[in-house]
Ligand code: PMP
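Quick setup: one chain, the form predicted on its own, written in structure tokens, and binding and motion questions come after.
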Amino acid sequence: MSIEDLARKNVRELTPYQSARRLGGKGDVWLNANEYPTAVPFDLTQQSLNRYPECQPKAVIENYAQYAGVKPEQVLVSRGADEGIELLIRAFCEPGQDAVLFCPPTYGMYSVSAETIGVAWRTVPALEDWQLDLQGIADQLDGVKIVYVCSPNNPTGQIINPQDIRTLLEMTRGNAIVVADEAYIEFCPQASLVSWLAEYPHLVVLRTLSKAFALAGLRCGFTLANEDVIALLMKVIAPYPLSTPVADIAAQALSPLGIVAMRERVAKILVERQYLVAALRDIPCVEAVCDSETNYILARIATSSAVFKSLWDQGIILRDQNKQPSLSGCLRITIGTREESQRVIDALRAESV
């Protein structure tokens, strides 16, 4: 018997999530992972590395609660929001019995996390405007314990209609958890659903420091929920999810000065986004540029696979979305520096000649 035969069947059959780094490339313009384009300096102040860290570092929890407008008891910190996605499935879904549901095109980790744990996943494709198909969801809810809604949605970039999410919350009350994945909410803070937590005991909000806080390399995310949900997640989380250096830097990033700096970065990205969108709409091979509330844009491009490869060969690494439902011909472009945007614009103009 081979080692592979010893593995669980669902793991043998699993297609792992293709993160930007797994996909590789040898570029010098990295616009495929929705990262902030330049590094933010921090000093490590904690030197007690001989001791295990707190499971939920107090300074990080209190700073994030203050920032998000919730009580510290409503905050759980984890290794990126990705761990939050997985903890929810581990806490709420019975393998082989319950299911999770999401609406493609959307973030790929919902299915991978469910499959890894042996929990079924169902999809209800989004409508033509990439909003929720509420009737389709209602028809599929039997046996569903968690519904994931990414808003603003990755990779399409638009906010999900809040009234539809409210309808979904009413539809699932008492039967399922609704998870609003707000990884990109700093780029449109008015759309956050955190203020709804008091009204909906089954609402959970996911957040991260990877995007607007410019700390993708830190791997630090947050789950915001009512206290009974957090208590359940605390049962299944690892004993020490955050290393001492991660907690140290996260607390600094969430200080009042850190939050001011984050908002300045967001303002800068919004200016760069406007510049890139305006330029792309003027390039012949670009058939459509979708409106975005995030730090990336989705563009439909003629002969997109050939264009993707041509730019890849020039060291400009974008994210190909062709395989996602309803995104044929689409490439996702992270908003980088002005110089990086210009490289993309010039390369696409050359493809149009």
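Everything numeric here is computed off the predicted structure, so don't read it as measured data. From 1 onward, residues are counted along the sequence shown.
This next part talks about the form predicted in complex with this ligand, which is not shown.
- When you look in the predicted complex, the only residue of S111, T172, T208, Q158 with a non-hydrogen atom within 4.5 Å of this ligand is T208.
- Checking K145, R273, H202, R219 for any heavy atom within 4.5 Å of this ligand in the predicted complex turns up a single hit: R219.
- Contact annotation: E186 falls outside 4.5 Å of this ligand in the predicted complex, judged by heavy atom distances.
- Put simply, G80 is close to this ligand in the predicted complex: some heavy atom of it is within 4.5 Å.
- The closest heavy atom approach of I165 to this ligand in the predicted complex falls outside 4.5 Å.
- Taking the partner from elsewhere, A99 is found to have every heavy atom lying beyond 4.5 Å of this ligand in the predicted complex.
- Heavy atoms within 4.5 Å of this ligand in the predicted complex belong, among the stretches 230-238, 117-125, 193-201, 81-89, to residues of 81-89.
- Although this ligand is not shown here, in the predicted complex the stretch 127-165 places heavy atoms of C150, N154 within 4.5 Å of it, in sequence order.
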